[in-house]
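Take a look at this one chain, the form predicted alone, written out in structure tokens.
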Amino acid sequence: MTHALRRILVTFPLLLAVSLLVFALAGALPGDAADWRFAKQPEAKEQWRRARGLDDPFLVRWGRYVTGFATRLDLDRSYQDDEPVGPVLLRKLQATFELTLCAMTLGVLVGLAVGILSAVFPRSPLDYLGQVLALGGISVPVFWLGMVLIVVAVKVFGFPFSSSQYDPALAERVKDFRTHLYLLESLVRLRLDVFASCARHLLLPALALSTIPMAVVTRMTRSAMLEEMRKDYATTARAKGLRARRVVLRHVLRNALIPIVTITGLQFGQLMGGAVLTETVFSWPGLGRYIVESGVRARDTPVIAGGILLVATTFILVNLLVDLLYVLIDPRVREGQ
């Protein structure tokens, strides 16, 4: 409990520091949105700046931003049309989260299986094949792999390819959904037709994005398992006559989970922020693609700052969950050793 409470308390100042850094970097971007928006109405520029509080000191603007985010999840209004950017960013974040979650699930399951087999049969053809797959997953660019998957799947197998998370013909079926996690919510609601459509649209981008965590988890699992299998407790368990499967899965794998869980949490955060290439190639309506198209290209600072802050917050919360999982995996963490 002490470990969990300490980690939770550290999260709040960390979020505050991240918000300060993000707000400062977004405000330091070159160009002025007022000059771009009021190029034909220069007399309205200063009035708009005062109305938006852009002439206030930096700390005043940051305090107002943090207060709005903490109390109302308000991420300011767009510089293009003065509309709140929070609802749009949250909707895009859910699409990116669902893509990342599916990619991580595929990557971790395959990576664990390949890594365990490589460790159990070292220097075998199976081990070499696993290392080749891991090296390919790290080396092959995601955008190139995505284009190859599109050509093969769409042209040969007739997979759907659109900028939606589901078949547009099912729009009426998802109107009553409370979230934009359409795949997960359709499964909970047992809307199997919507689930099947979402799964088809999600399969290709998730498969392309999963190669990165799959490669990292494979190499980490193999390394951690080999190290644990050389220790005395594993030798003793085998000498007592325990079956090899029980020694590997119940004893060795559990002790090797700490570094595996750590790298999984880090990979999840990296995919959340780095899925922009996958989203662009597959026209996925996610957060990264929205930040680039509606934020960076249009110099819309609230979109950039809000999007990065949401990704950073998700990354911090995922790593907090990883820290809390340590307590369940390793009793020594619970005892403060």
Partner chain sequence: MSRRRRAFFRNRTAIAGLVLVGVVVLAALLASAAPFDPETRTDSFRTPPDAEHWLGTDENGFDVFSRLVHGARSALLVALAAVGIALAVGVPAGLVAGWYGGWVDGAISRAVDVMLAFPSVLLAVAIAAALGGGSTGTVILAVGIVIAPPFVRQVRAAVLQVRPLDYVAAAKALGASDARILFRTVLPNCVAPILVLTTLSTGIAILDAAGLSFLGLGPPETSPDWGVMLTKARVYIQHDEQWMLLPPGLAISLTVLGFNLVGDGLSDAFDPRRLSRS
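Here the structure is a predicted model, which means the values were calculated and not measured. Positions refer to the first chain, counted from 1.
Omitted from view is the form predicted together with its partner chain, to which the following refers.
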query	finding
Partner-proximal stretch of 79 to 87, 193 to 201, 165 to 173, 263 to 271 relative to its partner chain in the predicted bound form, 4.5 angstroms, heavy atom	263 to 271
S294 within 4.5 Å of its partner chain in the predicted bound form, heavy atoms	no
Partner contact for R245 in the predicted bound form: its partner chain, 4.5 angstroms, heavy atom	no
R72 within 4.5 Å of its partner chain in the predicted bound form, heavy atoms	no
Residue contact check: F143 to its partner chain in the predicted bound form, 4.5 Å heavy atom	yes
Heavy atom distance at most 4.5 Å to its partner chain in the predicted bound form, all of C102, L133 and H251	no
One residue of I258, L184, A234, M147 in contact with its partner chain, assessed in the predicted bound form (non-hydrogen atom, 4.5 angstroms)	M147
Option touching its partner chain, based on a heavy atom within 4.5 Å in the predicted bound form, out of L129, L109, V151, V188	V151
Residues within 4.5 Å of its partner chain in the predicted bound form, restricted to 230 to 255 and counted by heavy atom	R230
